[in-house]
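The chain that follows stands alone, in the form predicted on its own, written as structure tokens.
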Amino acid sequence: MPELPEVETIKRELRRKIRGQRIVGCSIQRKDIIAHPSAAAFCPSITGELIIDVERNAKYLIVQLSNNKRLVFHLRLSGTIVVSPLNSTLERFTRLAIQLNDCQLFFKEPRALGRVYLIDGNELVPTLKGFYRLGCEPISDGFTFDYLKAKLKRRKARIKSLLLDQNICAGMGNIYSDEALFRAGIRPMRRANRMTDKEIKKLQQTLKDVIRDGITNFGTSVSDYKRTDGKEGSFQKMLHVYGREGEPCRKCGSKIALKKIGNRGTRYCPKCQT
């Protein structure tokens, strides 16, 4: 958390608000948030640059700058970006503040696990390995039945663990993988190599659908995630299993179960999912 729909929401809102503005100042509140280059070099390297566009790749937020520079934000578990007036004081847990022509960007991260990278030109940043190894996003044209089947065949791992593998399902995380498996009627403990073609096809479609629904509803606010104006998303109102352990299934009334798979809490309905 945030996952693809949350980062996509932030991207769309930032694009409307900051594209075409110039960076006029920068202050770092916690140096280890800057993963590349050094914290000392970071602010001088971005000050004066123009914001060309805001993009996204999986869970990475990318701010395209002039002179072929890119700011890459990896929000990790609790990072978010808030757009505030220029006269605003720093909000709690702000790790990086970037001043623009008529507003400020506050990168907030309560757990301080998120990171910011400045990529100059075509340089490859060694500490950003995951960025260069991403698989297909579920909402991309390349995420077909054949693609997913090829990734799952002969894999003995549990399907939930594979859905969290960014080399397979870029942008997926705990919330949307649980919800997609529920919609597909597949237990998260199932071994991937035992799934039928029909089940893989169903899962391929529910992965697309749940991500699109998350984007339409501005993401899921169940923890620290907020939109750029501080408002919450609304997809949490539509959750069937995530965060509902012990509560009745909205379809059959059975109690939603909680199980750890690969060190991640996983929710499912023991009756609707087989």
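When you see a residue number, it is the position in the sequence shown, counting from 1. Keep in mind that what you see is a predicted model, and the values were worked out from it rather than measured.
Same protein, other form: the form predicted together with the DNA, not shown, and the subject of what follows.
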Stretch in contact in the predicted complex with the DNA, which is absent here, among 227 to 235, 202 to 210, 55 to 63, 38 to 46 (heavy atoms within 4.5 Å): 55 to 63
Contact test in the predicted complex: residue 166 vs the DNA, heavy atoms, 4.5 Å: yes
Distance check, residue 143 to the DNA in the predicted complex, heavy atom within 4.5 Å: no
4.5 Å heavy atom contact, residue 272 and the DNA in the predicted complex: no
The DNA contact at residue 112 in the predicted complex, heavy atom, 4.5 Å: yes
Partner contacts for 200 to 226, taking the DNA in the predicted complex and a 4.5 Å heavy atom cut-off: none
